[in-house]
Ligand code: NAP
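As a starting point, one isolated chain is supplied in structure tokens, in the form predicted alone.
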């Protein structure tokens, strides 16, 4: 794929960029490795000052940056503004808490026959981040903020369709005062990931993206014995029990499904509703989905903009067509509108079963499937009937039902009476084909640290004298 800004609202190519060659990539890696030798010795206080400066710049640049993200990948401008604000908050969170999260952890010195024993967290070196286009600032920032605060240096290989946002990331940290080459954007094609990760100076990698992309990076990292963290796809369930607030859960379900124009790994995609309340809940849900405004993402009145790529529309059409051909019922939407741009309408499918690809594959766009169940056992079984295990939502006022779902949901995150989202304060990640490792919170900053055990015995007699 060419490295270019292509406006998904019109399909027009606005700006193209030359990809880095092998020699240029190796030079960037060398600069990152050289920067690490001194950056690793900076203090948390120094790093926090630069990180807070980055947050202030994000606040100042918010409108310009929001317009850029909307132009490059089609998210509504109000969603883009919220993303910039979230990035600033993430910077401040790690500036405030990194020293606490990475403080030395004392061990029982007596148990190990030491005068002193503890574990300490130390940075590892240059880390490669392979990032997607759907949250082009936030997903890169939730790597960058903890990595830089830990004393690592970053190499960002961003998606090819958001090059200007990627370049802004490098410029942001430079303007904030971080030393030269501590964070670099590599405008490189996907086939250069192996070249970067096999370089001995690159110590680890994190990837947010598709399951096939994750398998590829994991395989390369495994051969090199380099740590990887993977946040991959999701087909999150949202389960509605009879005791749930139907109006609230239906309203939140709409947001959970169409956030970011439906292009989110943690978007609820499979809505499982108890048979006793299915008719009323579905009526409320469809009514609200039909009321959404699809159009120009720069218009404040727009709820859903275009998908980011032409292939994304085709993939979504194929999933819907397959389901309809196998017996699914279209309750709203279901067909691509005529005209320019990569738009797809809010769509709800009922009577979906396991024979349909949309039950097993991730629908990356504003398409929801609704299925009924008879009891809690069936709800848990259907919720877990997926190759993915990222997030999950469960709506009930029954504490026993809540605890059952917390215990048995095969997911990295469970949200009770709310939609899955990411917070700097909570670890983020999944299991099964949704990947491994965690971002955010204390767990996220520790992923790319060397956990070093330190044991100190009594000084020798000669040393004491």
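In this text the structure is predicted, and so the values were computed from the model without any measurement. Numbering follows the first chain given and starts at 1.
Although not depicted, the form predicted together with the named molecule is the subject of the following passage.
- Here is the short version: of 251, 190, 330, 180, the single residue with a heavy atom within 4.5 Å of the named molecule in the predicted bound form is 190.
- Of the listed positions (229, 137, 159, 150), a single one reaches within 4.5 angstroms of the named molecule by any non-hydrogen atom in the predicted bound form, namely 159.
- Although the partner is absent here, residue 428 is a contact residue: one of its heavy atoms lies within 4.5 angstroms of the named molecule in the predicted bound form.
- At least one heavy atom of residue 208 is located within 4.5 Å of the named molecule in the predicted bound form.
- Contact annotation for residue 132: at least one heavy atom lies within 4.5 Å of the named molecule in the predicted bound form.
- Put simply, residue 362 is close to the named molecule in the predicted bound form: some heavy atom of it is within 4.5 Å.
- Residue heavy atoms within 4.5 Å of the named molecule in the predicted bound form occur in exactly one stretch of 229-237, 321-329, 107-115, 335-343, and that stretch is 229-237.
- The putative spot formed by 142, 217 and 265 is fully lined by the named molecule in the predicted bound form; each residue has a non-hydrogen atom within 4.5 angstroms of it.
- The single residue of 389-404 lying near the named molecule in the predicted bound form is 390, the criterion being any heavy atom within 4.5 Å.
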